[in-house]
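Next comes just one chain, in structure tokens: the form predicted on its own.
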Amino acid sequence: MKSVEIKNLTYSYVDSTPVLKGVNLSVEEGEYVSIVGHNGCGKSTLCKLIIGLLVKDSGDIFVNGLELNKDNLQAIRKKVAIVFQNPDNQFIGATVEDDIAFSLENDNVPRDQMVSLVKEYATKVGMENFLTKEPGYLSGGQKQRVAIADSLVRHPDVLILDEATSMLDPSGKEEIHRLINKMREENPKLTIISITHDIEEAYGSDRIVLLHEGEIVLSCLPSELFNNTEIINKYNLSVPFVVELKKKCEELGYNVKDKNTVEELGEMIWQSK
């Protein structure tokens, strides 16, 4: 089943500068897709179009088979949640508890059920001990955890992460990466679309979509992209550390065919000594 289907999507700025040029993309239910590309290629514009924050010039967008239009906009927004680059822009409540509860209050969820859901989703993201804290006093990683809880408590079918780790330090990014993996284990049907510059994050997804100057130029497995030297050089992409390490190990004569993480490669090297 297709969670998101985009057909011949175009969008231009007010001055008619084209941003997206006939984009076609399908994302299956439960798939984790990373959309990568340099600044200005149209990544964030694409995700804002999917949730109806921008209006397309032409083309079609479907979410779980429902066409995105004025009649279906609110129904689709209940199916899709988005976490932006700066979580401060999403905070509304005076405390973490208030913030997670905000969308539930809008949906008139009974108070007993609301309290239970807030606690459940705060626990899922490891923020159950911060419910009475003001969001402004949280670290960057903690703020993103709360923003993700805000989104997940609505039980979306599709979660869009728009540069959700770009403002975090390495430990904060690792927190969010672990949380994404945990979310997928708990809900295999959750579809995740990540707009990211974090190559390590993209390497952990099911598929990478490379966007360049408003067009999709490649859609493939992460390993296929990062082992393609021609594409890497042509689009000036970075390479994940684990890929560079694997290549170095191969040059030294190690068989690394089934090793996909730094930990596995390190253990292999250690055992060979």
Partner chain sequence: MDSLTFGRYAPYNTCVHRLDPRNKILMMVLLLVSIFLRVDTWSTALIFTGVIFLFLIILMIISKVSFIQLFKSMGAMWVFILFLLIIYIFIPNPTYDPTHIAFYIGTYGVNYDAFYQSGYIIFRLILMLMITMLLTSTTKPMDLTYAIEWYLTPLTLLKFPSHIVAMTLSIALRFIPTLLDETQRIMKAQASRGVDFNRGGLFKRIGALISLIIPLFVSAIGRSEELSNAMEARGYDPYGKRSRYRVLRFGWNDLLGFIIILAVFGGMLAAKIIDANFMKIDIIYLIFGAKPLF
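All values reported here derive from a predicted model rather than from experimental measurement. Numbering follows the first chain given and starts at 1.
Missing here is the form predicted in complex with the partner chain; even so, the following discussion is about that form.
Taken together, the three residues M183, D206 and K257 lack any non-hydrogen atom within 4.5 angstroms of the partner chain in the predicted bound form. Using a 4.5 angstroms limit between non-hydrogen atoms, I61 is distant from the partner chain in the predicted bound form. Using a 4.5 Å cutoff between non-hydrogen atoms, D157 does not count as a contact of the partner chain in the predicted bound form.
None of the heavy atoms of T123 is located within 4.5 Å of the partner chain in the predicted bound form. Taking the partner from elsewhere, A101 is found to have a heavy atom lying within 4.5 Å of the partner chain in the predicted bound form. With the partner omitted here, the stretch from 214-222, 63-71, 48-56, 22-30 that lies within 4.5 Å of the partner chain by heavy atoms in the predicted bound form is 48-56. This chain lacks the partner; the member of A202, M127, I192, V118 within 4.5 angstroms of the partner chain in the predicted bound form by a non-hydrogen atom is V118. Shown here without the partner chain, the chain has P135, D150, R154 in 120-154 lying with a heavy atom within 4.5 Å of that partner in the predicted bound form.
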